[in-house]
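Form predicted on its own, single chain, as structure tokens, below.
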Amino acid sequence: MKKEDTVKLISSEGMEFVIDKEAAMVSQTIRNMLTSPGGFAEAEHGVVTFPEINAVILEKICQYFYWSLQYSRGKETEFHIEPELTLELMMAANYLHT
């Protein structure tokens, strides 16, 4: 896979998640950062840092992005969320508009 086809998401602890750009675009916030003509550094480098989102939550968000793509293509499966992650995931989802 080419570098321009991926996006690097970085958690508050510095953990890096390299995912398909198509998957990252599930998030309206990330899509705006990567495609807006405003000259976001994220669009230039393909790297988005989330200083308020820890690695456990960001990993679950990445899993959700891929699940959402599969769901939109007709593959209906369950997306399991651990109860102890619910509040943090809801706050992150609100920020990311997912």
Partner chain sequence: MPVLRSREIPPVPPKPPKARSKVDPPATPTQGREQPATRLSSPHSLTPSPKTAGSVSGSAPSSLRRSLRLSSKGSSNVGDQVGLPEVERCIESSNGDVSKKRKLSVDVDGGFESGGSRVLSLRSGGKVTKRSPLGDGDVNGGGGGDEVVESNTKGKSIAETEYIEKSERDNEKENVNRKRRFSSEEKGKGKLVVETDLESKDETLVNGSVPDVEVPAEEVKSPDEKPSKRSNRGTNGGRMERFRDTARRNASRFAYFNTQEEEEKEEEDNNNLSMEAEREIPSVEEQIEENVAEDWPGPFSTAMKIIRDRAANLNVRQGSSSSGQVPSVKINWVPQKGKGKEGSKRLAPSLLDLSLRILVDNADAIASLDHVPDALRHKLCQMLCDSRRMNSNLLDLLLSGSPTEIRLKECSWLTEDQFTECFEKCDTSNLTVLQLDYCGQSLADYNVPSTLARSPISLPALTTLSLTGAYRLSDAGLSVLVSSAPALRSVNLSQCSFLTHGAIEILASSLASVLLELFVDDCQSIDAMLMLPSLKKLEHLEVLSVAGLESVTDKFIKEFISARGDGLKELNLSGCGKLTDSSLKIIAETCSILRALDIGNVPKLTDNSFGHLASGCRSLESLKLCRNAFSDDAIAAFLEMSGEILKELALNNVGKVGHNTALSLARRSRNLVSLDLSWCRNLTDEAMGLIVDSCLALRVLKLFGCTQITDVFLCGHSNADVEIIGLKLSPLLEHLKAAVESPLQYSSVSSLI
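Numbering follows the first chain given and starts at 1. Owing to the predicted nature of the structure, the values given are computational and were not obtained by experimental measurement.
One more form of this protein exists, namely the form predicted in complex with the partner chain; it is left out here, but the text below deals with it.
- Think of it this way: in the model of the complex, the partner chain has a heavy atom of just one of M25, V18, M15, I81 within 4.5 Å, and the residue is I81.
- The closest non-hydrogen atom of I61 lies within 4.5 Å of the partner chain in the model of the complex.
- At a distance threshold of 4.5 angstroms between non-hydrogen atoms, T29 is out of contact with the partner chain in the model of the complex.
- The closest heavy atom approach of W67 to the partner chain in the model of the complex falls within 4.5 Å.
- Among residues of the shown chain, F40 is not one whose heavy atoms approach the partner chain to within 4.5 Å in the model of the complex.
- In the model of the complex, the partner chain lies within 4.5 angstroms of at least one heavy atom of each of the following residues of 56-91: I61, Y64, W67, S68, Y71, S72, E76, F79, I81, P83, T86, L87, L89, M90, M91, in sequence order.
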